[in-house]
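Presented as C-alpha cells, the chain that follows is alone, the form predicted on its own.
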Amino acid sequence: MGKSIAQALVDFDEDFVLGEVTNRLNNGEEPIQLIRELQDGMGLIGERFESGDYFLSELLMSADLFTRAMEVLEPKLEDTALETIGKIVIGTPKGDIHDIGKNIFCTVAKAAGFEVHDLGVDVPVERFLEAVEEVKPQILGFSALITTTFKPMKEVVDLLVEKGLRENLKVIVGGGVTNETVKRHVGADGQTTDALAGLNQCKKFVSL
C-alpha cells in the first residue's frame, strides 16, 4: 500500500503531495476527492496539534503545503462551476486570524457554484454588515477557531435583525470551537466543523 495524500501532508512530504495531486488531476480524477483527502490530512494534523505531538510551526507548515495544493486544484474547480446557485459572504470575525477552514470552505463552495465573497480574517462587525448590504447574499458565514469570536458574531446577527436584513438571510457558523450551543447563542441557522458538511447545509439553504 503506497502513501496517501493525507499521510504525506502529515509528514510534510511536499514532493509527494504536489506530485500526487497533479498526477491524479491529469488522470481525470475529480478535484473534490483530492480536497477531501487533503482535509483528512489536515484533520490528522489537528489531532496531533491538540495532543501536543505537533506545535504551531508544524501547523503552519502543513497549512502552507495545503494552500499550495489547493492552488493546483482551484483552477480545475472553477471549470466545474457552471452557474451561480447563490451568494455567500464569509469571514473570520474580529480577533481571529485563522483561515484554513474558511479557505477550504470557500474553495468547495465556489466549486459547487456559489458566488463567494471572502472578507478575509479579523473582520470587524461593521464590515460584515456592509458586505451583506452590498452583496445581498443568501448566506452569511462565520469561520472561527477561538472563543472570543462568539461575541462579534452575535453582534453582527443582532444588528442584522435591527436593520431588517436578517429575514431572508441564512447564517452559518463554522470552526472547531463551534457547536449547537454556539449556534443558538449567535442566532445562526446552521453550524458545522466540516467544510463539505457546511457546503451541504448551504445547498439546502438555497433550495426551495
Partner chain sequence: MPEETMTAWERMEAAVKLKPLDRIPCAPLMDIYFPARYKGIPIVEAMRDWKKGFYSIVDIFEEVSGWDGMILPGYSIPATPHVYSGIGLGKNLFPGLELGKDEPVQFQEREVLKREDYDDIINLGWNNFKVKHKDRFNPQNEERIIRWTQRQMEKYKYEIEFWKTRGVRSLCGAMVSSPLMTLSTSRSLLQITKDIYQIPDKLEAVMEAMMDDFISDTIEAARISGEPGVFLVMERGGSFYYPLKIYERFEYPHMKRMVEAFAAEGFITVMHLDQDYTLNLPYFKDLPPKMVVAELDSCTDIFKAKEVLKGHMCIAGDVPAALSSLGTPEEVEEYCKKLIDVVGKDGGFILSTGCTCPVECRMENFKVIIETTRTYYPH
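Positions refer to the first chain, counted from 1. Since we're looking at a predicted model, the values are computed, not measured. C-alpha atoms forming the largest set that superposes within 1.5 Å between two forms make up the rigid core.
What follows is about the form predicted in complex with the partner chain, which we do not show.
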item	value
Candidate stretches 37-45, 156-164, 24-32, 179-187 - the one whose heavy atoms come within 4.5 Å of the partner chain in the predicted complex	179-187
Joint contact, 130, 201 and 205 to the partner chain in the predicted complex, by non-hydrogen atom at 4.5 Å	no
Any non-hydrogen atom of residue 108 within 4.5 angstroms of the partner chain in the predicted complex	no
The partner chain contact in the predicted complex: residue 100, any heavy atom under 4.5 Å	yes
Interface membership of residue 95, the partner chain in the predicted complex, 4.5 Å heavy atom rule	yes
Contact test in the predicted complex: residue 64 vs the partner chain, heavy atoms, 4.5 Å	yes
Residues in 10-39 with any heavy atom within 4.5 Å of the partner chain in the predicted complex	12, 14
Core-aligned C-alpha movement of residue 199 between this form and the one not shown reaching 2 Å	no
Yes/no, residue 181 Cα shift of 2 Å or more between this form and the one not shown with rigid core fixed	no
CA of residue 126, rigid core aligned, shift of 2 Å or more between this form and the one not shown	no
CA-CA separation of residue 147 and residue 55, closer or farther in the predicted complex than in the form shown [shift of 3 angstroms or more]	farther
Closer or farther: C-alpha pair residue 62/residue 147 in the predicted complex, relative to this form, given a change of 3 Å or more	farther
